[in-house]
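Here you get one chain, nothing else, as structure tokens; it is the form predicted on its own.
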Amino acid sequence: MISLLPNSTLLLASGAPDITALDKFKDFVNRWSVPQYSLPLFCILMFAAFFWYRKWTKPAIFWPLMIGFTIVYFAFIPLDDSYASILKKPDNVPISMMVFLTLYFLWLGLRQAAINDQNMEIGKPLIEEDREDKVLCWPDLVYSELLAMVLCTVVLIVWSVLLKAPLESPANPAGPPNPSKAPWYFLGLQELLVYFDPWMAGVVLPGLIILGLAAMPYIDTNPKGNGYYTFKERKFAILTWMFGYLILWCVLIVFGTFLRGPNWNFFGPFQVWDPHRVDPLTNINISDVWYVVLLGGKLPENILVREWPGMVLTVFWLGALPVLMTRIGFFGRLRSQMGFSRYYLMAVLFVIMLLVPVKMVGRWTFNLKYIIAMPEINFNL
């Protein structure tokens, strides 16, 4: 018989029939679903999508791709029980909606940006310039809102009838669910708990997101792209926002929903969620790398002496790196245009955002847990 092991390897027992092409495909998907491969793949696809946005956003190209993705996305429900159990779970229905709505509105925005960018190059008016800026509140706005309210009510009624409410039994400390997951819209934050200390993942990083959103109008005063869609004139801003939203939010939600199984282990979409599976990990910190691995000694007892390598890296990342970035032509121009204070605030928020994927790669590759580990004073980074 054919069995799928936790490492996504298909084994063929003696006397069993040959492995089918479908089994090989499932094994391939399971192997490449692990974050070490899938996250870089998401990043490459995202940057390629923005680089070639004028080509693939054409309706003749996008809609066949969208239809093909939809067919593949739902076609495996009758072909694999594990995949169907995850996709059909009422809690996970909003995730599928998020995936398709995100793809559609990303295409819609980039399509209008592609048209505007092309029009500006040849001297034609923008899409927004050909539209009437003002409409009557009645009946235009109120009528549209009434239709939207009716359609939303119908969708919610049908949803509540067809899908059972994902209500579980009362909380029982003797039998907690495995895995215990937050609501789907918080799964991105729960995924960050794997890579950061709880105070960092649950308080500091979300607080910095709110701070960045509040400070954005003061940091970015570029009037280009105000009131009309464009990508050519707003490349850095759009790519930075999309990296934060698509990669560091939507992808993490998908990871937490479809790939995080019992014991918070990673499972491929076609793997059975085995609660008895154990993935042995040996967490290491920067201090372990410096004193134990490189110097071949033991950790000092003094926490300041022990953690100075991590402190130096942190000071370099938050203090020196934003300044060194100005030697790159693009960031140097930003520094001269924005001034020191606005540029430094933007650069610090930017490098903190980059710290998240850096910590992820360190965790997946070297089992790196903390850059600074001071459990004595409850300070870990």
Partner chain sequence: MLQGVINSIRESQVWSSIFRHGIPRDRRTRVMAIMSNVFLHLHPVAVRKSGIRLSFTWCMGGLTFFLFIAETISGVLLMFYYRPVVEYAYSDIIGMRAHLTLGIMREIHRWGAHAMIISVWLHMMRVFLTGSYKPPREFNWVVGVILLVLTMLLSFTGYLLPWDQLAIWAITVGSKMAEATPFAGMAGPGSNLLQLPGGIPIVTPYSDAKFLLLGGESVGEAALLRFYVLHCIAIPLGAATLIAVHFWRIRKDGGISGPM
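We call the rigid core whatever largest set of C-alpha positions still superposes within 1.5 Å between the two forms. The structure presented is a predicted model; accordingly, all values stated were derived computationally and were not measured. Residue numbers count along the first chain shown, from 1.
In what follows, reference is made to the form predicted together with the partner chain, a form of this protein that is not presented.
K.L.:
Hey, in the model of the complex, does Phe266 get a heavy atom within 4.5 angstroms of the partner chain?
P.N.:
No, no contact at 4.5 Å.
K.L.:
Should Pro300 be classed as touching the partner chain in the model of the complex when contacts are defined as heavy atoms within 4.5 Å?
P.N.:
Close contact is absent here: in the model of the complex, Pro300 is far from the partner chain, nothing within 4.5 Å, heavy atoms only.
K.L.:
Consider Leu156 of the chain shown here, and say whether it contacts the partner chain in the model of the complex, taking contact as heavy atoms within 4.5 Å.
P.N.:
Within the cut-off, so yes.
K.L.:
Can you work out whether Ala171 and the partner chain are in contact in the model of the complex, taking contact to mean some heavy atom pair no more than 4.5 Å apart?
P.N.:
Heavy-atom contact with the partner chain at 4.5 Å: present for Ala171.
K.L.:
For the chain seen here without its partner, which of 287-295, 209-217, 306-314, 78-86 has a heavy atom within 4.5 Å of the partner chain in the model of the complex?
P.N.:
Only one stretch qualifies here: 209-217.
K.L.:
Have a look at Ile71, Ile122, Met149, Val278 for me and say which one sits with a heavy atom within 4.5 Å of the partner chain in the model of the complex.
P.N.:
Only one option qualifies, and that one is Met149.
K.L.:
Residue by residue through 348-381, tell me which have a non-hydrogen atom within 4.5 angstroms of the partner chain in the model of the complex.
P.N.:
Going through 348-381 in order - heavy atoms within 4.5 Å of the partner chain in the model of the complex - the hits are Glu376, Ile377, Asn378, Phe379.
K.L.:
State yes or no: after fitting on the rigid core, is the Cα displacement of Pro173 between the shown form and the other one at least 2 Å?
P.N.:
Yes, shifts by 2 Å or more.
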